[in-house]
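For reference, the chain that follows is the form predicted on its own, supplied as structure tokens.
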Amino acid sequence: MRKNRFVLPSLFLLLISACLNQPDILTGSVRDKNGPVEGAVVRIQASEISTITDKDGNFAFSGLSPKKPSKLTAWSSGYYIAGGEETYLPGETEIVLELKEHIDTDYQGYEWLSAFSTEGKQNNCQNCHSREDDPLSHLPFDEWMLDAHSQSTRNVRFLTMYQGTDIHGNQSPPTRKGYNNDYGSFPLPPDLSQPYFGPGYKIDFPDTAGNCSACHAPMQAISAPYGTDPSSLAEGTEGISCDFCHKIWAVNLNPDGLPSPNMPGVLSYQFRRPGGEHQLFMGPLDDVAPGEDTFSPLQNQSEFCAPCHTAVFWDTPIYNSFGEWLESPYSDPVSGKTCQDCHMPTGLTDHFALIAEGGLDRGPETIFSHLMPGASNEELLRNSVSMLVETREERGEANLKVTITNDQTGHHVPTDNPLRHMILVITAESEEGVPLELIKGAVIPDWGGIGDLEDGRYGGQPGMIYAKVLQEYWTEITPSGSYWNPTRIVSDNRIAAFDSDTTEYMFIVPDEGKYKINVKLIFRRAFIDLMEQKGWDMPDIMMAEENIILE
């Protein structure tokens, strides 16, 4: 719930009001169809001033500006938010705010509400939450349109990995099979002497749809989480849309705080979808009224994100940014941070709906951004870790120590999709550009790319790759992003929240002249050979760089 900075004892103030008739006090009661409602939150709308009703449903506010009118709202669990229509001046008493119950069931036949105004319905989100003529708009619809969630059904990397194609639609051959008397048929590695366009779920399991849509197309998959083929959806199908997120009522979690294994997305969410003429929207504010809205504390909690950012396949944890957060100090309810704190930061705007459509000026610290930056956001990545480079020269040798610290991120770096990795690349050379001989230290594995450094192929170069590396059981393909097949984790050196990793390198330096050392930390979205097979254009992102000249 929002911080209630000014929580006032209602009954005490009512006594003061009765005795002194102070003009700076507002008093009243909150009721439902059965009578008074105890424990309801009453708020001066769009402010941090609130109070709680007493056992008789009464409330009071004191210390108000005598001539400043206020609108009041009331909310209690199980009810729509009430109020937001009448204006009251201090000194008024006997104000009554009437709460109405909302549904407590989920109507399976609900037709999802489109976010787009082109659908022509009153509640289409774009109608009130967009300013199309402003490229710098921070209204929710405009930010959501720039966010990966809105593109989840059209993400080219997702679709080409699902279909086993490149970006031009060329599909890899069906998976070859071998046979074993003990195990039956099993997959064989692809024949790379033939045209090959990378792996794909549909070339491994052509007769099933899988559960990918449970996260990528949740509105379509809610009735068939294992039977919705994302590649068969109509062009323009909305991804993770506004109505989907604002219909989430609860998350099913196990005693360990995590969703059940292999239960991603809609498989672990509970919803409240209305079936009659009324709507219901859950949100992070308890004073959005008038309308058919209610406050949901879940919207401010990391658990909201858990079902789509925790997934186990074949008993191997694949996506686990929520679990990593849960195990980190960031999950401390007092001193920590939520997913929303970093990925939906506040402070970018002072209203989330058009003023002309009933929007209110609010404290920017109460309005969450819907840009939700992630693995493609350069600023977020550059601020996610720190790099410290230390050098020392003695007896003709240059010693280099590089420490990477995850001091800004509430989960491992990198996280979620196992295709993602960070590459620490070290180049040491003389003034003439002759590479210095490495006599101690790690080198980047071949899957970092064999070839020219200028082309981003760093295999064999001094440095390190930080990644969760999967190996397929039958084909032994390593590293693999085909986690729909049985895989095992062969290594995981990603950096957890507040942890550091230090690597050391030693080079032979020239007898005379200067030499230079370049240290780069690069974020790469997928294995370089896979990107070439698929035709993905995803430039590396420089997270940190340091140049050192010595003699």
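Sequential numbering from 1, following the sequence displayed. Since we're looking at a predicted model, the values are computed, not measured.
One more form of this protein exists, namely the form predicted together with a small molecule; it is left out here, but the text below deals with it.
In the predicted complex, the small molecule lies within 4.5 Å of some heavy atom of Gln408. Proximity of Lys337 to the small molecule in the predicted complex: non-hydrogen atoms within 4.5 Å are present. Looking at Asp416, you'd find a heavy atom of it within 4.5 angstroms of the small molecule in the predicted complex. Within this chain, Leu233 is remote from the site of the small molecule in the predicted complex, having no heavy atom within 4.5 Å. Comment: the small molecule is not present in this chain, but in the predicted complex one of Ser268, Thr475, Thr427, Ser152 has a heavy atom within 4.5 Å of it, namely Ser152. Think of it this way: in the predicted complex, the small molecule has a heavy atom of just one of Arg362, Arg457, Lys71, Arg273 within 4.5 Å, and the residue is Arg362. Remark: all three candidate residues (Pro218, Pro307 and Phe322) come within 4.5 Å of the small molecule in the predicted complex, counting heavy atoms only. Stretch 481-489 is the contacting one of 514-522, 481-489, 62-70, 49-57, since its residues have non-hydrogen atoms within 4.5 Å of the small molecule in the predicted complex.
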